[in-house]
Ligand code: SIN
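To begin, one chain is listed below as structure tokens, in the form predicted alone.
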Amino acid sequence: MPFDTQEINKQRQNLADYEEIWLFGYGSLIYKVDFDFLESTTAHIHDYERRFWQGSHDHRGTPANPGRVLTLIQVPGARCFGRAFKVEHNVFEHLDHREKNGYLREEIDITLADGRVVRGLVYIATSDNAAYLGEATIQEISEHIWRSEGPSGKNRDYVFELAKALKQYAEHDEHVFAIESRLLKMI
């Protein structure tokens, strides 16, 4: 699969088929919302966990030195916290561009804060995309993040902002917090 997945995503779901569209954000979409939405709430999905296994050639790194950003991996029984946004169809032009570096839109059940379960969309980067960096130790991931920077800023700031947001919501993420702890020791 190519780095730029915008055209692939436009063919994945017919957005006109959705009476209402919910989007689940589990990374920077928790703290950096740069699109219009009709409604927003905290939410979670089941059987997934965050991992810094995806390369970022366009936001938190460069083509020569990609940063590391989040994707989701399947873990039976897991619960992944995030935010859900009820959006209009036209917002996906922006979102498909924002998440173009190897991410595909997938359908998923999202449990909203009020307990409702809605069918929505989430961007996931799987191991078959050209930007995928894959599994590594917490130390290796932290060192990689420490030295990466791109048009959206230092890669470590992505980790710090996400960890701060998760703590504000009283949510624990072992992977994110372990990397944050290593990065704080590097300062």
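These figures come from a predicted structure and were not determined experimentally. A residue's number is simply how far along the shown sequence it sits, counting from 1.
Heads up, the form predicted together with succinic acid (SIN) isn't pictured, but that's what we're talking about next.
Only one of Leu29, Val159, Ala43, Ile141 lies close to succinic acid (SIN) in the predicted complex, with a heavy atom inside 4.5 Å, and it is Leu29. Although the partner is absent from this view, Glu99 contacts succinic acid (SIN) in the predicted complex, with a non-hydrogen atom inside 4.5 angstroms. Contact check for Phe92: every heavy atom lies farther than 4.5 Å from succinic acid (SIN) in the predicted complex. Taking non-hydrogen atoms only, Leu133 never approaches succinic acid (SIN) to within 4.5 angstroms in the predicted complex.
Applying a 4.5 Å heavy atom cutoff to succinic acid (SIN) in the predicted complex picks out Leu70 as the lone residue from 51 to 72.
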